[in-house]
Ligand SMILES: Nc1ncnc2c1ncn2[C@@H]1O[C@H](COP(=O)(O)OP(=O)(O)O)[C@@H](O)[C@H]1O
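In structure tokens, one chain follows: the form predicted on its own.
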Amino acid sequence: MSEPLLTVADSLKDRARAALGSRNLILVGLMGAGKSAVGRIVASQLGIPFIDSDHEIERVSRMTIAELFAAYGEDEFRALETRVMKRLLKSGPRVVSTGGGAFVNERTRRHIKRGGLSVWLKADLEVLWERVNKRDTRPLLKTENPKQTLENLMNARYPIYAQADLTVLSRDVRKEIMADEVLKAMIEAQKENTVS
């Protein structure tokens, strides 16, 4: 009796799942980078739960992110975000998508570093702008010149996002392709860690 052949996709999923082990996979990056959309697909492929930290914050606070910003300001929101991330990362494995500012907060970043494998979905300004300018739900973009604000956020945050364990370029391709690239990056990182 012959062994069943694994498809390339199954092999990729299995190797990425083995690379992750019991850790969490945490997606970081600016708004519009694809953290939630790609994260859901990655979680499905790995057969582990997906959690959107912004949705979890809204669930526990019973307020939208925009309402939290308006009522309490960004500092108070970031403190709540840190507490929620700390709780989410206590167990795993799971895929967690973060809000754009989560990894910028030093305390949250420490929890992420301890809580699993971080992946920065890095996108250029035009890709991000194309994705975020269609919705009016981004509190930080409620400015006179939202595209300039987005560019300013990129300039301020990209050096911090670069501290993530892995970087995957987010571009104008299907989400499934991006998800596969995240899985491949996980496998490559494991190979490099095994060799060194």
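Model, not experiment: these values are computed from the prediction. Throughout, we count residues from 1 along the sequence that is shown.
Below, we turn to the form predicted together with the ligand, even though it does not appear here.
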Could you confirm whether R171 comes within 4.5 Å of the ligand in the predicted bound form, counting heavy atoms only? yes
Just checking whether L12 would be counted as a contact of the ligand in the predicted bound form - the rule being heavy atoms within 4.5 angstroms. no
Wondering, does M178 line up within 4.5 Å of the ligand in the predicted bound form on heavy atoms? yes
How about A33 - does it come within 4.5 Å of the ligand in the predicted bound form, if we only consider non-hydrogen atoms? yes
In the predicted bound form, the residue from M63, A43, A37, I51 with a non-hydrogen atom within 4.5 Å of the ligand is A37
For the stretch 94-132, which residues lie within 4.5 Å of the ligand in the predicted bound form by non-hydrogen atom distance? R131
